[in-house]
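There is one chain below, alone, in structure tokens, taken in the form predicted on its own.
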Amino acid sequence: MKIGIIGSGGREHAICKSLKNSNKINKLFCFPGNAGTEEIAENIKIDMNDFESIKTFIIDNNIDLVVVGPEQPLVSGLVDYLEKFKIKVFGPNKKASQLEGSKIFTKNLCKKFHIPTAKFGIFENKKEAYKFLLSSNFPLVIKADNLAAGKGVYICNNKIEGNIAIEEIFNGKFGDAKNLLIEEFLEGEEMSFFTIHDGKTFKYFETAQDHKRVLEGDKGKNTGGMGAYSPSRLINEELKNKIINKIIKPTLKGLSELGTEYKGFLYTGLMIVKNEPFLIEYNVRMGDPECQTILPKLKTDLIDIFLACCEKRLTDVNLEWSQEKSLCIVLCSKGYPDTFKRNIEIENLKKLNLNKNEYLFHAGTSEKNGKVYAIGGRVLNFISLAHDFKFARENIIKKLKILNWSDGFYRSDIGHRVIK
């Protein structure tokens, strides 16, 4: 089989690596890929938003299945477009992708189907939003109502911080946001809960704990994710059933009433308050870096899962998992998530010797003349599977010290809630 993967990040490299393990696949293409995917797939330099060129390449090269990694092409309708040409695609359609594309769409769904979430208000302009702050209790959460690569969320402790958030969102810091949400602040602990769907049914796809803040101790600005561990320390059978029955099933019912179904990964971002789940957000794809953390634990052939989802027979597939703990640390360019230098060579990569429980997934990298360069904010993902999180983290930090990349930085406290 020939498989195409859309995307260029650590998530896509992890998907490529998992698919590469299958003896059913003889060729992988990655659009546009990175220096890591280039080692195991053929990188195709086509813009992810150039749907027609992607479609033409897929047809000309007889690609059997396309897997869409990032949110932007999903929200823009790539799945719908390719399916018009009878191309098999793993990922949700445009209507279902509004779960991530519009926070207001999701909040209104929550309201209609009694899905537990933070109380919220929707604001179309600065004036109304500022006015609301004057009579509000803090802290509050302020969000841009569009895709913001995991960064369009502010936790505001006072009116000054609230005003800054409103100003930046409406001034286009996260793209063309026509509205913003102001939500109550929920006191609890976050958890990422994953499911995989075929349009008729779904299966649980593990949990993770992401670390969004750039600085140790969960301080500093929000990022796309500095690291993760899996499974979440919060998950238990009772909580899992509450999440499925109170959040995921009502959401699928809501989509069904809107005339659509859900196919693909669904990332449910939760706040857990005294073993009760509250929906923070949906992502309509695997998380990044949660994907890099979870996929190495998967024993079942990933291509069998993807094909079963596309053919509405997920019930036929048994998902098997390693019981090892998994931890991921993201190596970033200095200056991220603000200004950072690009095209910086990453030396010493060849010095890294990885065993079967250690993984290195590339994110913002490119290869030129045999050398690897950092071209993004999040650059490399180091993953270790081990019997406990402490040992996994120690393994990764040893590798980071061997790499010794002076133009990068990382959080050495990933997993601090589960590591004594």
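We number the residues from 1 along the sequence you see. Just so it is clear, the structure is predicted and the values come from calculations on it, not from any experiment.
There is another form of this protein, the form predicted in complex with ligand AMP, and it is not shown here; the text below is about that form.
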query: In the predicted bound form, the one of Glu83, Glu347, Glu276, Glu281 near ligand AMP [non-hydrogen atom within 4.5 angstroms]; finding: Glu281
query: Heavy atom within 4.5 Å of ligand AMP in the predicted bound form - the one residue of Glu161, Glu184, Asp218, Glu168 that qualifies; finding: Glu184
query: Stretch from 84-92, 137-145, 199-207, 293-301 whose residues place a heavy atom within 4.5 Å of ligand AMP in the predicted bound form; finding: 137-145
query: 4.5 Å heavy atom contact, Val153 to ligand AMP in the predicted bound form; finding: yes
query: Contact label in the predicted bound form: Lys212 to ligand AMP, heavy atom within 4.5 Å; finding: yes
query: Partner proximity in the predicted bound form: Ala308 to ligand AMP, non-hydrogen atom cutoff 4.5 Å; finding: no
query: Ligand AMP contact in the predicted bound form: Ala118, any heavy atom under 4.5 Å; finding: yes
query: Ligand AMP in the predicted bound form: contacted by all of Lys103, Glu190 and Met271, heavy atom 4.5 Å; finding: yes
query: In the predicted bound form, residues of 383-419 near ligand AMP [heavy atom within 4.5 Å]; finding: none
